[in-house]
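Only one chain is included here, represented as structure tokens and corresponding to the form predicted on its own.
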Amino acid sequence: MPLESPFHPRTSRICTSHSWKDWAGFLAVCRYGCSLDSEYFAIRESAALIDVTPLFKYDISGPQAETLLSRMTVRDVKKMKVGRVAYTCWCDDRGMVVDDGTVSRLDENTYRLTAADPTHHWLTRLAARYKVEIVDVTEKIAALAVQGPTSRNVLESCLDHDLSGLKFFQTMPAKIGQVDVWVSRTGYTGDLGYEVWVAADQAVQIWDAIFNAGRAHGIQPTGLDALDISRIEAGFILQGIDYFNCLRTQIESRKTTPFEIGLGWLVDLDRDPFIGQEALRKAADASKRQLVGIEVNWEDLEALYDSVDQPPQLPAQASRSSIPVYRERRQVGRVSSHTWSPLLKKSIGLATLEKDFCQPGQTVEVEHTVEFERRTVAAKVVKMPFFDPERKRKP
């Protein structure tokens, strides 16, 4: 049975939709009300309060903590200064992606790793030769994402710190009232946003403080359905949907290198050895597929529905069901995550295509079912992210 998040005493009271899901062993709200529009637009126009506690979290400390993480991940963690956060991924010996997440350097010898999948076994396996201590703090640390244009105003109303000096992908210790927290300028929405990390037994106090401070700034408790739409707009991948943990799938075609899922920019090949390095040297120029953005032709979609005397019908929430992509009747890939973007007024998706069809501007056909018939509509390959506001990185 899924665990209740430390914020459950608050989220359960206001989740009038009774729409929940199991996220990494925790109960998580899909949407709080009957419609997710207000939650989505809170992300894009005011501030959204999102419980992200289910992320797997590990504290790694000791004199060789940075050596272990540099050996494990594709980025050189040794270059990180205290207070920095780095997005990264890690691979097996064949250069296939195991998982992705963030590494935060909390002090000289302490790091926090977040991951989509349980990673304790992988860390402990690698740590046998290093002087490190690894603690699974997934259930000990609660996390809230405060995302959106007014998120800074919300947090500055209750923090003991000015956030103007906290740059994109930095973290710092702070206090909300008398409670110690860590605040990072990170998130999964592609907008201005922060994440607040707090001891689980003090989570409710932090929810109340942030929520009360946010009333004047349009804060809205927000569930995973709205988060899913925003992360697609931002071009962010999701493990188990847009790519698969190579340790958990037996299907070779589902295993991917960082270069195939848009994470090639993370890979630092010219440094000390790390797991998968030699395989990735060979894979850098040998990838046969690539993650791209897809934008469905609206006129084509409209004509498809018109042919059966119906108006266009698209679901309000994002879809994680893969659909085939064709070029001249031959399948050349799949769309793994797709949604109607309320802000952009476009039907968009993340697709993995054969490399010959990945240039922006190329046209493909995406499968679309109407009246129980599988048809196709035209789509265009576009650059990602679909949405990338300046405020996300701006001081």
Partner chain sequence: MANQYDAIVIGAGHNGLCCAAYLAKAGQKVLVLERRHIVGGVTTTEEIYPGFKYSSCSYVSSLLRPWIIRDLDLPKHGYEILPLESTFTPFPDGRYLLRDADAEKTRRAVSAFSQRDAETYPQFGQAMSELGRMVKPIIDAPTPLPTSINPKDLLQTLRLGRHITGQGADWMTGLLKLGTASAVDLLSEWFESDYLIGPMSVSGIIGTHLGVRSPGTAYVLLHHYMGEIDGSYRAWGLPKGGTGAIALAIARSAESFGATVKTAAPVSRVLVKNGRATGVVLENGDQFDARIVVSGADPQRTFLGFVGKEHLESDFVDQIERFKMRGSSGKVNLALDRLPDFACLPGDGPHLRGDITIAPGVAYLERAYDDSKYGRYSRQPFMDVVIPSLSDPTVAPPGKHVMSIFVQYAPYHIAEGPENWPQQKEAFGDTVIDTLSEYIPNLKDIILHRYVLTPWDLEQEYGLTEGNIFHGELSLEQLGFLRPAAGWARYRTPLKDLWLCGSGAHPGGGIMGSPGALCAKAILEERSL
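Positions refer to the first chain, counted from 1. For clarity, every value in this text was computed on a predicted model and none was experimentally measured.
Another form, the form predicted together with the partner chain, is not on view; read the next lines as being about it.
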Out of 284 to 292, 216 to 224, 170 to 178, 262 to 270, where are the residues with a heavy atom within 4.5 Å of the partner chain in the predicted complex? 216 to 224
Among the candidate residues Glu367, Asp59, Glu354, Glu45, which is the single one with a non-hydrogen atom no more than 4.5 Å from the partner chain in the predicted complex? Glu45
Could you spot which one of Glu302, Asp107, Glu133, Asp93 gets a heavy atom to within 4.5 Å of the partner chain in the predicted complex? Glu302
Close approach of Glu252 to the partner chain in the predicted complex, 4.5 Å, heavy atom: no
Under a 4.5 Å heavy atom criterion, is Leu55 part of the interface with the partner chain in the predicted complex? no
Going by a heavy atom distance of 4.5 Å, is Trp340 a contact of the partner chain in the predicted complex? yes
Asn212, heavy atom within 4.5 angstroms of the partner chain in the predicted complex: no
Residue by residue through 306 to 321, tell me which have a non-hydrogen atom within 4.5 angstroms of the partner chain in the predicted complex. Asp306, Asp309, Gln310, Pro311, Pro312
